[in-house]
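Single chain ahead, by itself, as structure tokens, in the form predicted on its own.
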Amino acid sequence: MTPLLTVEGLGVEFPVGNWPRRRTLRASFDVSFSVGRGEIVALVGESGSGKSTIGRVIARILPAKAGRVTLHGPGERDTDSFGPRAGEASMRWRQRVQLIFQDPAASLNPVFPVGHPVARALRLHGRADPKTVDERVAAALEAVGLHPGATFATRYPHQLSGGQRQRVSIARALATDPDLVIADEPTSMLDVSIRMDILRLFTTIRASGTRSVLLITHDLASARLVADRVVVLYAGEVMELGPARAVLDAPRHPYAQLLAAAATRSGDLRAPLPAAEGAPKVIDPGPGCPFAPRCAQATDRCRAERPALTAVSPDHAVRCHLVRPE
């Protein structure tokens, strides 16, 4: 598959506390994966695993401490090539990479009607002139299921349902005709009854074969439904990546197995998960596998030596000392 986006050795850190007791929060460490043209790739993991941080780095909202993000295609460019005055180049990147935020209510300005952010995106990126902008806004809203578009464009966010607001956010993102859409937990704020409709929109987005979607989610059911490939994150590191069916239906890493068990276990919420209790250590993490403190199968080697991301098949890789190639 022709690559559209390549992430190589991405690292993101944030300082925590004040000097002299300042420490480092490692939000992402040595993260590498790719997104092909016309592909949906899902970043999955529990809260705090670094999913949204990675998405914001790719969208150039947050800076990276290490690594490189390359956007292939016309005007190919990577994050290392941006200088301090890269206004035009940065605008071109943002035209090609659009981010849909988790909370549609917070991402829309309540002062303006919902047609405003769509029109602004069209004007900023030269996708419409003053004579045609209203028509283009209506068409963009209708493309995501808001009919009639001209009527919806005049409404304010508080006059729309949660699902309708999320559709407006998607219309705003698609207005720039991007190559990559990053959807950050796009259904987590919505009722179960309309989640399926929003997920179907993402399959429509990539239907042309040239536009791709990076889906950030903790919902394995959503990933299984629409994703072609899955990247499992824990404490800012890639634990497993590969085809969605292989990773979600037959996970190899103990953490991926834990996620699958949590998603498929019976309705008895008191049933213990197959791992020790605890939380990811992302502040000044020590050596070894980050999941070792919670892993029921961990050995002394797991606690002392960080495992490499090892291919277990041509398109499936796992970061675990206990997993061997097939």
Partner chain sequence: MIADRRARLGLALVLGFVSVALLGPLFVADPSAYLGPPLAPPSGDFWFGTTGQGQDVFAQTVVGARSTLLVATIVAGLTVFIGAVLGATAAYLGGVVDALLSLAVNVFLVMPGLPLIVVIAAFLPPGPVTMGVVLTLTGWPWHARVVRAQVASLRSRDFVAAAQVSGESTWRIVVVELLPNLAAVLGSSFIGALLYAVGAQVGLEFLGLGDLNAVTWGTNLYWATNDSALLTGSWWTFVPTGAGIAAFGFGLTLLGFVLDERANPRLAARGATGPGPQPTPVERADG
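So that the term is clear: the rigid core is the largest set of C-alpha atoms that superpose within 1.5 Å between two forms. Positions refer to the first chain, counted from 1. As the structure is a computational prediction, the values presented were derived from the model and not from experiment.
One more form of this protein should be noted, the form predicted together with its partner chain, which is absent from this view; the next part is about it.
- Of the listed positions (T210, N109, T203, T151), a single one reaches within 4.5 angstroms of its partner chain by any non-hydrogen atom in the predicted bound form, namely N109.
- Its partner chain is not drawn, but in the predicted bound form it has no heavy atom within 4.5 Å of K131.
- Using a 4.5 angstroms threshold between heavy atoms, E185 counts as touching its partner chain in the predicted bound form.
- Contact between R127 and its partner chain in the predicted bound form is not found at the 4.5 Å heavy atom cutoff.
- Taking non-hydrogen atoms only, A121 approaches its partner chain to within 4.5 angstroms in the predicted bound form.
- Note on the interface: of 297 to 305, 34 to 42, 54 to 62, 281 to 289, the segment with non-hydrogen atoms within 4.5 angstroms of its partner chain in the predicted bound form is 54 to 62.
- Scanning 302 to 317 for heavy atoms within 4.5 Å of its partner chain in the predicted bound form gives no residues at all.
- With a cut-off of 2 Å and the rigid core superposed, G17 has a Cα displacement that reaches or exceeds the cut-off between the shown form and the other one.
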